[in-house]
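First, one chain by itself: the form predicted on its own, in structure tokens.
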Amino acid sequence: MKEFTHIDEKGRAKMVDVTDKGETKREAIAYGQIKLKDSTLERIKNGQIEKGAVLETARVAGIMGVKKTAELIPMCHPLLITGIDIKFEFENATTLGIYATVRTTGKTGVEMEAFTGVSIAALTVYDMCKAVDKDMVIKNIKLLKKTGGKSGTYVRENGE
């Protein structure tokens, strides 16, 4: 059984020491969805949300979220992020897909940063549209791919 890396011998929380780990190029791609009323998604597409440009605001918020991940998740190391890309896809009449790709060259991965980017972008869409649609649902946040590091490459094989 593998030991927990974030707990010391006395059961106390600790941050993993990555001093001796080698630096590698690392990338993580996370994905999530927000379900909206079809009328809300149309208003987003047509720039008719009173608060402003929903997707551009959500994109900037997602980028900011990636950069703040170590401040939000206690055991995440602060990282020098070398690239962030937040993309949106209109999947159908009621679903907006959100993708966050995060890159670094470092000693630890960027999966949590990618998750944070997707989550903050989705929350921003909700915030900007809640006046017209309180039934929105944020769901299916998951890792699609990660590269680099000792564990190598992971690619999600199914849609679940």
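Note that residue numbering follows the sequence shown and begins at 1. The structure displayed is predicted, hence computed values, not measured ones.
FYI, the form predicted in complex with a further copy of the same chain isn't displayed, but the following is about it.
The shortest heavy atom separation between Ala53 and a further copy of the same chain in the predicted bound form is within 4.5 Å. The closest heavy atom approach of Lys150 to a further copy of the same chain in the predicted bound form falls outside 4.5 Å.
Shown alone here, Thr105 lies within 4.5 Å of a further copy of the same chain in the predicted bound form, counting heavy atoms only. a further copy of the same chain is not shown here, and in the predicted bound form it never comes within 4.5 Å of any heavy atom of Asp38. Shown without its partner, the chain has Arg103, Thr104, Thr105, Lys107, Glu111, Met112, Phe115, Thr116, Ser119, Ile120 in segment 95-122 as residues with a non-hydrogen atom within 4.5 angstroms of a further copy of the same chain in the predicted bound form.
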